[in-house]
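Next comes just one chain, in structure tokens: the form predicted on its own.
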């Protein structure tokens, strides 16, 4: 492989790699704002300019491919002076509102100002000001903080496939906005906030909720569809405040759709059933399990399992059903019309899939058959993780819910045994490509909710076990 030298270190690289990526291989940081590995290179912020031997002028590292024998200095006096000048230029109009900015603590402008800027500012002119712009249900824009990196414009055109962000006016008056001030139309609007290097584009859902440095981060997988996008759950004090994409070049690259990003809301929904119920009344676990067993004992039972459950939970059910309900059927449900992986397909050209649960492929691998039409039954046990769409079970008085349900969803159930959501458990899911990935528990179960394994153990070993489970 070809080699070059960066700050005295010899580095191997692949043809076409730029100096930012090559430097990163040996732990050398080259600061930048406009560059993003998944977007086209525009080299307009100039923050990444470095000194290259035998070249008279500084070269932008993002747009300069490494070459055999190239000698690069990222920390020379010329490079350092350029960094100070660029930071001074970018901060001329930037407001001093870090204490109230949601980006504080994870802001590229803050970090680079501290590392590469100068404490002395020469400007005395008034800063330009703009009114905040509402850009639809997902994004709020604060143009005062914008540094014209144009990442948002490029993301819309190149990734989201909608040319909805533009730059108007010129020079100091340049403003980044939507065409005619219209609301954002893309289903991937949350990514605008992710890629913005300052607090110019912020998530309404997260705005003023929590400081970034207070959040505990858990790497997990999105349960929004069969794609299995990688993401992080950010929580504090057992409350989820946001989810953000986690880079995985083979699955979701750097992105996350809005449906998956905001799916977590049901976990802390005040209408979620988080305590055992018998009929419409709250109950104890002992009484609720006893009622559920009594309702199903001696009847023809169908067990319906949501494909939002993990492989481990599905296997537990496969072992449990023959013991508790000999001769009963175990069928899976999830997305109406997408009963098998053969029917699953892309829902758009970016990430979304038609199967709106994460583990349809996993259930098929375990040999669990789909629910295509409701079989004749005297009683039904419905088990789900919260994402699978409930089948119609009206007309039956003996329906037991085990898992995550809202008050309205479980209104007709004889009993509800509250279970855990994707954010409250560890487990394995298999995406549409057959990739096994791990869910990681980010918070403890809400209220009195219990893991499926605990509930099944209570069921099998409670007082009436000999009558209803053997």
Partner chain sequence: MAGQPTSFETMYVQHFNEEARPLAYYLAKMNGYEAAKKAFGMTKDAIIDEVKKASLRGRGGAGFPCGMKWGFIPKESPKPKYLVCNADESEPGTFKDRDIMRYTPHMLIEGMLIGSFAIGAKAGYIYIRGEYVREAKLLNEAIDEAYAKGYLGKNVLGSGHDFDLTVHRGAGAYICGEETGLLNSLEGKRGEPRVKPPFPAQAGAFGGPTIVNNVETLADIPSIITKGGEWFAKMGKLEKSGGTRLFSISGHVKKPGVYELPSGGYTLRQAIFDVCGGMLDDKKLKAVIPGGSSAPVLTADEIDVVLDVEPVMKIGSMLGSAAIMVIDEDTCMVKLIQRITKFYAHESCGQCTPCREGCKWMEDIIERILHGHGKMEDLDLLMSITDNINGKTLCALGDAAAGPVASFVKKFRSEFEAYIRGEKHA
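Numbering follows the first chain given and starts at 1. Not measured: the values here are computed from a predicted model.
Keep in mind that the form predicted together with its partner chain is not shown, yet the notes after this line are about it.
At least one heavy atom of residue 125 is located within 4.5 Å of its partner chain in the predicted bound form. In the predicted bound form, its partner chain sits within 4.5 Å of a heavy atom of residue 90. For residue 82, a non-hydrogen atom is located within 4.5 Å of its partner chain in the predicted bound form, even though that partner is not displayed. Looking at residue 441, you'd find every heavy atom of it more than 4.5 angstroms from its partner chain in the predicted bound form. This chain is drawn without its partner chain; in the predicted bound form, the residue among 284, 129, 237, 172 with a heavy atom within 4.5 Å of it is 172. Residue-level contacts in the predicted bound form: of 147, 400, 231, 316, one residue has a heavy atom within 4.5 Å of its partner chain, and it is 147. Just one listed stretch, out of 43 to 51, 428 to 436, 23 to 31, 411 to 419, contacts its partner chain in the predicted bound form at the 4.5 Å heavy atom level, and that stretch is 43 to 51.
Highlighted residues 294, 305 and 449: none comes within 4.5 Å of its partner chain in the predicted bound form, counting any heavy atom. Contacts between stretch 56 to 86 and its partner chain, counted in the predicted bound form as any heavy atom lying within 4.5 Å, involve 57, 58, 63, 81, 82, 85, 86, listed in sequence order.
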